[in-house]
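Take a look at this single chain in structure tokens; it is the form predicted on its own.
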């Protein structure tokens, strides 16, 4: 960890470096839990192959954190845990919210939020409610952000463009894998007419661009160990302009199945309706303060759309040689794609009940 110790010298830390260890299950950045004599931090090396403008990414990060901090300061009720609701960025010795090392790597550091944890698979519906309420509160806090944030990844949730990338990967078949994926490709293409629905609704003025997280895996919100409430939304790399449905759809994708996104036994994959209900009620408890009627109406559909979109991305990466998502076994991205398709089919089969529940929540 000598390299990490050297990186830490680039930040204004409280105390001298003691130790660091790999932390979390993220696909993109390298993350460490790092301790000094006086404080515990999260230290991350930003993946600049994906986030090509890390300065702008961190500008977003700071704007979001400061805006939420101001919201908390304006609240009349004093909560001793308020500072655990947002990520406290540590400045570098150069007074920037990142540090660039001698090899050109960009690093960021923020205070570790203790006595809270993330869950890759939610164990009970109360956790789903808490996580969704936290994401809804996050969107609501940023609803009056005075400036439009940078797009850290252009067209991140532009599903038709994601499909176009898949079609290009199919045509190229650079790794000779196309023959393995006919069933998956057939199902994805059978849903082609659905992929532009949200964008069409936005263009028609029925739903609106907001400031959204855009990667609301349920392990991107910390759940308080004691209260069970959603404490802090993390992984702010993709916070940028988007549609609220992107966030809710990814909650459904990651929070309703009892199986992980790379489960090999597809019989274990499916949408648990009670988890969907908890997510919907939790999310609307806060996001319902700013969403209009049409935006609310489209929430159930977003679960299938975003699940398929991520499936498209996994399949594209598999056909392209696994160049985006980290893999840990052969055919890992294909396995991930298959779970997304199975989950999307399960969501689709429960649409009527989902819509009925959504209509009943005022």
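Residue numbers count along the first chain shown, from 1. All values reported here derive from a predicted model rather than from experimental measurement.
Just so you know, the form predicted together with adenosine-5'-diphosphate exists too; it's not on screen, but the next bit is about it.
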{"property": "Partner-proximal stretch of 128-136, 275-283, 219-227, 190-198 relative to adenosine-5'-diphosphate in the predicted complex, 4.5 angstroms, heavy atom", "result": "219-227"}
{"property": "Contact of residue 24 with adenosine-5'-diphosphate in the predicted complex (heavy atom, 4.5 Å)", "result": "yes"}
{"property": "Contact label in the predicted complex: residue 31 to adenosine-5'-diphosphate, heavy atom within 4.5 Å", "result": "yes"}
{"property": "Residue contact check: residue 90 to adenosine-5'-diphosphate in the predicted complex, 4.5 Å heavy atom", "result": "no"}
{"property": "Partner contact for residue 185 in the predicted complex: adenosine-5'-diphosphate, 4.5 angstroms, heavy atom", "result": "no"}
{"property": "Listed residue (62, 334, 42, 68) with a non-hydrogen atom within 4.5 angstroms of adenosine-5'-diphosphate in the predicted complex", "result": "42"}
{"property": "111, 142, 100, 165 - the one with a heavy atom within 4.5 Å of adenosine-5'-diphosphate in the predicted complex", "result": "111"}
{"property": "Heavy atom contacts to adenosine-5'-diphosphate in the predicted complex at 4.5 Å, residues of 227-242 in sequence order", "result": "234, 235, 237"}
